[in-house]
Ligand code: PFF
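Consider the single chain below, provided in structure tokens and representing the form predicted alone.
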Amino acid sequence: MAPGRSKFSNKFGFIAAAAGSAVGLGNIWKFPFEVGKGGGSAFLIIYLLFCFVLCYPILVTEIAIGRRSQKSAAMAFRPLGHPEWSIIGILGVFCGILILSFYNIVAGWVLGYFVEMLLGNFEIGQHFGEYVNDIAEVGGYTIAFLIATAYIVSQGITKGIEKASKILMPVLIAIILVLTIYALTLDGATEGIVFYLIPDLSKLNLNVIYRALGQSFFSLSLGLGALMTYGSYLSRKENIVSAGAMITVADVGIAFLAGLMIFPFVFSQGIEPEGGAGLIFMTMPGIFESMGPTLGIMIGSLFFLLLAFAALTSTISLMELPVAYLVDKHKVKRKNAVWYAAALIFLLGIPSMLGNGYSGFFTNFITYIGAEKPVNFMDFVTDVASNTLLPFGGLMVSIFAIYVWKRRKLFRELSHGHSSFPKTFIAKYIGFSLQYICPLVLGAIFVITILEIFFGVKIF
């Protein structure tokens, strides 16, 4: 460990923080419906396969690079002897800032809905469009969420990120278990479980496989350098191989539970299961209202509290990216770096806030080649940062690890905390995946995404 560098106090603290980075809003509102649209458990099996064959090797590689370098993502490649690759880390930091700029807006919506549920205002779902255009109210919740994130990060690794993660993650899991158990008792819950888990092989095609692959990669927050940065705070005695497996299982497990929770809620009310923000912000309040005032307030509040915690664990790791860069590169004091980053992120988020119908320019921001209508600023940033730059970052990490840094150095780092690692089957599988599977698959995702989103070319 570099002299004076903060570190996680134990393995659980690191796993809680890293799993929190992976677990986010997408696990709750996107994953279940990707499963539903993709043929139920057929999609689920493919998703799990990609999580462990494709994502797990990159996950442990990012952590290993961070721990070996003892630097944040933007600085990690220089101590490894390849400063020219620093552009990949810098791109990851840039990507994280862009994602946080709009993610924080959505987190503000969630926080606002939590308050509305506490007040018993179930009609808020019928006025979602008006709500997101109320810049004063939404802006207030957004600032409050950003301040909460900034405060936790400003406290440092042990007293801030680790301490918060050790509280947030267990509470998040407890809430989702309570809601899932309750949802399974509702009339019509069985239909929801059948829809979610019984495979419909007629829906299984190349497009479903492509979506499962994309979901698995994005759900683990890979390609940003967030895990690389967290890895730089990890002790050399810890076993990255087993920690990476636990992080992957935690992320997958929470996403799976989200489906067991949401589909019974939806089917119990005979509502068509259409996923995304529409269901969460427009439909779910009505479902909670149908439970009666007291129970509806309790379950609705718990649900949006769950979403708020899931968002917070992700915003913390996203905030740490630019903060660690400022601390490592420019020697800025952590507390100052946090508030500089928070101010920048808030300013960059204003166009996303204005782009949901309030301003014509940001609402109809750009029209892609071959597209029928323009997209707003938030969707544009999502397409650039999440959909395009993340797989590119993962592709570059896999190429760097095997062809530039070299497999033997990666394995040497992974051997710390797991001395027999190079002789294990897992070592062979990680090496094979990084050398062949990851470059091929992530390269394909990157190219297909650009062609489909920005040029309107339908591949599937």
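Note that residue numbering begins at 1 and tracks the sequence as displayed. Computed from a predicted model, the values in this text were never measured in an experiment. Take the two forms, find the largest set of C-alpha atoms that superpose within 1.5 Å, and that set is the rigid core.
Quick note: we don't show the form predicted together with the named molecule, though the next part is all about it.
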- Task: Report the residue, out of Leu224, Ile247, Ala76, Ile262, that has at least one non-hydrogen atom within 4.5 angstroms of the named molecule in the predicted bound form.
- Result: Leu224
- in the predicted bound form, which of the listed residues (Tyr103, Phe377, Phe145, Trp109) lies with a heavy atom within 4.5 Å of the named molecule? Tyr103
- Message: Just checking whether Cys438 would be counted as a contact of the named molecule in the predicted bound form - the rule being heavy atoms within 4.5 angstroms.
- Response: no
- Can any non-hydrogen atom of Gly26 be found within 4.5 angstroms of the named molecule in the predicted bound form? yes
- Please check if Ala341 has a heavy atom lying within 4.5 Å of any heavy atom of the named molecule in the predicted bound form. no
- Contact between Asn356 and the named molecule in the predicted bound form at 4.5 Å, heavy atoms? no
- Task: Can you work out whether the named molecule is within 4.5 angstroms of a heavy atom in all three of Ser21, Ser219 and Ser317 in the predicted bound form?
- Result: yes
- Task: Could you tell me which of 290 to 298, 265 to 273, 177 to 185, 309 to 317 sits within 4.5 Å of the named molecule in the predicted bound form, going by non-hydrogen atoms?
- Result: 309 to 317
- After fitting the rigid core, is the C-alpha of Pro32 off by 2 Å or more between this form and the one not shown? yes
- Message: Rigid core superposed, CA of Trp405 - does it shift 2 Å or more between this form and the one not shown?
- Response: no
